[in-house]
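Okay, here we've got a single chain as structure tokens, the form predicted alone, with questions on binding and movement later.
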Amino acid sequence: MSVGTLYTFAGQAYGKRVRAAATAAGVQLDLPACTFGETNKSPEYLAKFPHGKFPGFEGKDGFKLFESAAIARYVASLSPNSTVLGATSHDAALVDQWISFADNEVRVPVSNTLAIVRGNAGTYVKPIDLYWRQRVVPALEVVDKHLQTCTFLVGERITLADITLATIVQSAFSTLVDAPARQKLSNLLRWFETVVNQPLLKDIFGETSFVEAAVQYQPPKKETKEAKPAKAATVSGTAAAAVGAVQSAASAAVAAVKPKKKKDEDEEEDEPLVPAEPKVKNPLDDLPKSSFNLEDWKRAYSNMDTKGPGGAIEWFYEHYDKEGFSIWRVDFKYNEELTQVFMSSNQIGGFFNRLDASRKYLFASVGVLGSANNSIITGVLICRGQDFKPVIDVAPDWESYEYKRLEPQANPEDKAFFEDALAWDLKVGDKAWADGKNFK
């Protein structure tokens, strides 16, 4: 049963926030067709929401709200069993923290930059453009770092914080955060794909058009002035011809020595001081297309129980393409050097950071087994192709590890090792899983 009516228009990011919050909380909303510039300017709408902005909410009891943050929080609160606002008081505070960060540190710079480059903020001023533009990626880097060890921003389930930030990031990824910047935000990108592809939310977010190059200000073209008609000659006959010849010769001489006019500073484009290095195509991209989508697996692993019916491992076996991918056991060669468990876990994290260039070709679950001064590092890799080396050798320390191919669908021992490593309950001899990390 619907709790009220949401007035928004197709594609509005603020409206997406409210719709996604309601859907995640299991709350239904009525969504009448609205046209921007018409519905919100009508006397009926202005009588309810005098500011004339979208979105607007009217409850079945006549309760009215505007501003997307307030509406989203309210509709999510109408489901008492939902954890969209946080499962505990601590989680609720963290949800509010990330919502505030998303709105103030990400949305404001993105919105201001877009207003400037689109000419909606008056005369273009480059320093102001740069001021706001240069605040976007550093803010997203804060989130990216937080997501190194988290699937979602708060807790183990999606919250209003994830929904709020995802609507803003979707806009940023399609306008200002280009391909080179996204490559450095791998954790954020993985999180974003997880949120917007949630089955309940996928239709609300729709497709994201990832921009290859950040949008820039385009100055309006200058009008070409029409040439003035030449004055009528005041001499005639042979004299006129002579005068014309002299004038033509003089004009040609002046044109030959006159320096070309420089472009206005506003029209000049910044040229790189050195030519950009040509992009080298990864040979893994030339492999035949595989039916196994690694990103879908990463989402399944993040959102499903690992073992058991309907779990991530079951999903894996149903979709795995052994012709397009291979599975490997990885073991650190120098376990005798390991001391504290947390330090060994940090070593795994450093190894994963150095593998970042292979993120779209690799999934890994690697852990520390044992206790302080008596531990090993081991785990499993899922690699694109039939050889681990093209995937792994981007990390300078890849040779500090040994690699052994596993065939979990043919060998029971390989199967047990693979599944236990994924579930983080692997045991090798007397050493049990103590800590671990995923590369996804």
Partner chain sequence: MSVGTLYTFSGLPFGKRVRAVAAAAGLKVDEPSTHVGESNKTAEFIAKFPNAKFPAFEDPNGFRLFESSAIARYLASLAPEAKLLGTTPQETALVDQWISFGDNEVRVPMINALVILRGSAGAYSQPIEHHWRQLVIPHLEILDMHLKDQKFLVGHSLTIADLTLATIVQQAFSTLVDAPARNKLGNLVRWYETVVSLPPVKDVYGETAYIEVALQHQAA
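In this text, rigid core is short for the largest set of C-alphas that superpose within 1.5 Å between two forms. Numbering follows the first chain given and starts at 1. For clarity, every value in this text was computed on a predicted model and none was experimentally measured.
A second form of this protein, the form predicted together with the partner chain, is not displayed here; the remarks below concern that form.
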Spell out, yes or no, whether the shortest heavy atom distance between Asp61 and the partner chain in the predicted bound form is within 4.5 Å.
yes
At the 4.5 Å heavy atom threshold, is Gln386 in contact with the partner chain in the predicted bound form?
no
Any chance Pro220 has a heavy atom within 4.5 Å of the partner chain in the predicted bound form?
no
Would Ala70 show up as a contact with the partner chain in the predicted bound form if we use heavy atoms at 4.5 Å?
yes
Would you mind picking the one in Glu318, Asp285, Asp305, Glu337 that has a heavy atom within 4.5 Å of the partner chain in the predicted bound form?
Glu337
None of Ala181, Ala121, Ala87, Ala214 but one has a heavy atom within 4.5 Å of the partner chain in the predicted bound form; the exception is Ala121
Which of 362-370, 293-301, 108-116, 309-317 lies within 4.5 Å of the partner chain in the predicted bound form, heavy atoms considered? The stretch 108-116
Residues of stretch 83-103 in contact with the partner chain in the predicted bound form (4.5 Å, non-hydrogen atom)
Ser89, His90, Ala93, Leu94, Asp96, Gln97, Trp98, Ser100, Phe101
I want to check Ser375: does it shift between the shown form and the other one by 2 Å or more at the Cα, with the core superposed?
yes
Threshold 2 Å Cα movement between the shown form and the other one for Thr175, core superposed:
no
Ser111: with the rigid core matched between the shown form and the other one, does its Cα shift 2 Å or more?
no
